[in-house]
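The chain that follows stands alone, in the form predicted alone, written as structure tokens.
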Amino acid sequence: MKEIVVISGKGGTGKTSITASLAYIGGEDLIIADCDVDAADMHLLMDPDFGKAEDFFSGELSLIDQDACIKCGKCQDVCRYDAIPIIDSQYIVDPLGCEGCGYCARVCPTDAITNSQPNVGKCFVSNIRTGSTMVHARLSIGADNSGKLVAKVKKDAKAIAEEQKKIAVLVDGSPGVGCPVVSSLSGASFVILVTEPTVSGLHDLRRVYELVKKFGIKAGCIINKADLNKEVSDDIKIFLKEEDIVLLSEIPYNVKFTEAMTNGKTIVEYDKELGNIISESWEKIKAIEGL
């Protein structure tokens, strides 16, 4: 079973729209994993039923038992994150400031402070309108450990794909090069890089591909809005050739992408010409991966 990950060096390249289009084309053959947990929005195009929901606990957070607290202030003195303010004459742990280091618990003379794993999000398994299954998640506002939540989404998606004998897991990864992206790339067999012909688009494409190379994963590239700047598009193609990255397709700028999203549809359903370009990209990927 293959694992195909779609990523971009920056936001706004059309990564999720293209991933949703590939999911629509692949239909029941694929399990979909939305690993862009910090800003998950693939559900807007896939119409999930949120059939199964599970709380996600991760990290460490200190908690003060007010009945046991003698208000000595030692916890506040040692907290280097200023995460223990006094509110209504009580020492309270600020969940957004606490790093879960546990130092406050060590110095507490009455053992009034304990550490626990907080609920930082939810993970869902949904039936979607393509006739397949999507594993997706929602990270709580201000929560950390998005990389660990991505790992769970991928693990669950892979287990379902193996159980149902699907040909591949299609992953919508996060933009950038942070922990969620690293977690998305782990175990991937092929990476689709979505970029745009802007100076920042090319810069961030180079940056994210450096990460892909460290994993030793084969890669292809889709240049979205390719006709916006021919000079930069040509520079991108030169870079792809230098790095032996397959040029999967060049998609022209078209407002129908936005119209399709507004109507809750993928561009494959909404526009035949653009849909054919993405369908041809999928056929190239299938040939490369032997699907």
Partner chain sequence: MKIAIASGKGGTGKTTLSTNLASFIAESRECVLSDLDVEEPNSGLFIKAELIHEEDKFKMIPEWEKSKCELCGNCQAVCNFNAVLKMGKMIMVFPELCHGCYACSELCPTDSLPMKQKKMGELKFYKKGNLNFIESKLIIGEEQAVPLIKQTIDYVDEKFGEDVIKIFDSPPGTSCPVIEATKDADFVILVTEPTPFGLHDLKLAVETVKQMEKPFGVVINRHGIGNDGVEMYCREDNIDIIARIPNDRLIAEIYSRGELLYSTIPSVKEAVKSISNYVDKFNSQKKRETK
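Basically, rigid core = biggest C-alpha set you can superpose within 1.5 Å across the two forms. Numbering follows the first chain given and starts at 1. Computed from a predicted model, the values in this text were never measured in an experiment.
Unshown form predicted together with its partner chain; subsequent notes refer to it.
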Can all three of His203, Val208 and Val232 be found with a heavy atom no more than 4.5 Å from its partner chain in the model of the complex?
-> yes
Close approach of Gln66 to its partner chain in the model of the complex, 4.5 Å, heavy atom | no
Does Gly73 reach its partner chain in the model of the complex, with heavy atoms at most 4.5 Å apart?
-> no
Closest heavy atom of Ala39 to its partner chain in the model of the complex, within 4.5 Å or not?
-> yes
Thr16: heavy atom within 4.5 Å of its partner chain in the model of the complex?
-> yes
Of these, 157-165, 126-134, 187-195, 209-217, which stretch puts a heavy atom within 4.5 angstroms of its partner chain in the model of the complex?
-> 209-217
Of these, Glu28, Glu54, Asp47, Asp227, which has a heavy atom no more than 4.5 Å from its partner chain in the model of the complex?
-> Asp227
At a 4.5 angstroms cut-off on non-hydrogen atoms, which residues of 67-103 are near its partner chain in the model of the complex? List them in order.
-> Val78, Arg80, Tyr81, Asp82, Leu96, Glu99, Gly100, Cys101, Gly102, Tyr103
If we fit on the core, is the Cα of Phe215 displaced 2 Å or more between this form and the one not shown?
-> no
Core-aligned, is the CA shift for Arg106 between this form and the one not shown 2 angstroms or more?
-> yes
